[in-house]
Ligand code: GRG
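Just one chain follows, in the form predicted on its own, and it is written as C-alpha cells.
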Amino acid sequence: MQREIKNNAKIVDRFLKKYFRNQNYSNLIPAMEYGTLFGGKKIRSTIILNTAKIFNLNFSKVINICAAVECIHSYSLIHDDLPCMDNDKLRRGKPSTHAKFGESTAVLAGNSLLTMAFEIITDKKYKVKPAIKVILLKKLAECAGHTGIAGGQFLDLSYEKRKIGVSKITNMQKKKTGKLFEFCCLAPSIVSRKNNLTKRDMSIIGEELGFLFQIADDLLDIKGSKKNVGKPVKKDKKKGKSTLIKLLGYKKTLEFAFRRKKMIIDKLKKYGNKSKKLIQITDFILDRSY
C-alpha cells in the first residue's frame, strides 16, 4: 500500500507541475509549489483513485479532482501552520511555508491554492459535463469553507485549553479533516451519476475515513517520531488541544479507532472486490507510522 500511495503521489505531482507551468507566472508560484509538491502522502488522492475503481471510472475522470483536493489540503496546511493559528515551523519534514517565504506570502499562496482548486475543476480540458462540474464545485466549497475545513480549524483553536466532550470533539474533527475525505469518496459517485443512496453511503464512508485519519494523527502525536511524521510531535498536550486522547486516554482512543475502522470496512464490503483497495487504505490509515 505504501508503494501505491507513493506512485499515486508522483502521478498527481506531475499533473500539478504541468498545471503550474501553464499558469501565468506570478511571484506566488514558488510558494504555492513549495506548499503543494514537495513531500506529503497525498493519501486523499489515493482514496479518490480507489473509490473510482468502485464506479469503473478511468483515470481521466478523476485526476482533476485529485489535483484540486491536494490544492485545498495544502492551502489548509499552509494556513494551519501560521503563527496566528498553530504556529508550526516544520511540515512534511521541511520548514513550513511561512517559515521559508514569510507570513504574508504564505497567506496569499494558501489563498491562491484554494482558488486554483476550483479553476482545476472547471478547466475545459477536464472532460466532465458542465452540470457535474457545478455539483463538484458546490460540494468542494462546502467541504473547504466554514462548514468544513475552515469551520473545523476555528473550533480546534477555540477548544484549546478547555474541557470539551466527545460529541463536540467528534464534530470538530469531522469538519476539520473528515469533510475533505468525504468529498474524496463522494466525488467519484457524483461523476458516475449514481443514485442519492449511493452518494449518501460514500459521504458517510469518506467522513468516517477522515475522522479515523485525524484520530490516527492524534495517536502519532503521542507515540510517533518527528523523523517519521515530518513535523513536531507531543505538541497537542503542550497546546492544550482538545482530542479524544485527552478525554479518553490513549488505550481507549485506540480501541475507539479500531471500532470505527471496522464500521468503515463493513460498509465497504458490500461493494465486493471493487472496494478491496479502499479497505486496504482504511487499514493503512490506522496502522501508519507517518
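Just so you know, these numbers come straight off a predicted model, no measurement behind them. Just count from 1 along the sequence shown to find any residue number.
Keep in mind that the form predicted together with the named molecule is not shown, yet the notes after this line are about it.
With the partner left out here, the named molecule still marks one of 174 to 182, 199 to 207, 99 to 107, 130 to 138 in the predicted complex; by a 4.5 Å heavy atom cut-off that stretch is 174 to 182.
With the partner omitted here, the residue from Ala144, Val191, Ala117, Leu212 that has a non-hydrogen atom within 4.5 angstroms of the named molecule in the predicted complex is Ala144.
The contact residue chosen from Met85, Leu219, Leu155, Ile164 relative to the named molecule in the predicted complex is Met85, the criterion being a non-hydrogen atom within 4.5 angstroms. Against the named molecule in the predicted complex, the set Lys41, Ser76 and Arg92 is in full contact: each member has a heavy atom within 4.5 Å. Under a 4.5 angstroms non-hydrogen atom cutoff, the named molecule in the predicted complex has Ile149 among its neighbouring residues. Remark: Asp80 counts among the residues lining the named molecule in the predicted complex, judged by a heavy atom distance of 4.5 Å or less.
For Ile121, no non-hydrogen atom is located within 4.5 Å of the named molecule in the predicted complex, even though that partner is not displayed. Heavy atoms of Ile72 reach within 4.5 Å of the named molecule in the predicted complex, making it an interface residue. Taking the named molecule as positioned in the predicted complex, the only residue of 259 to 290 that brings a heavy atom within 4.5 Å of it is Arg288.
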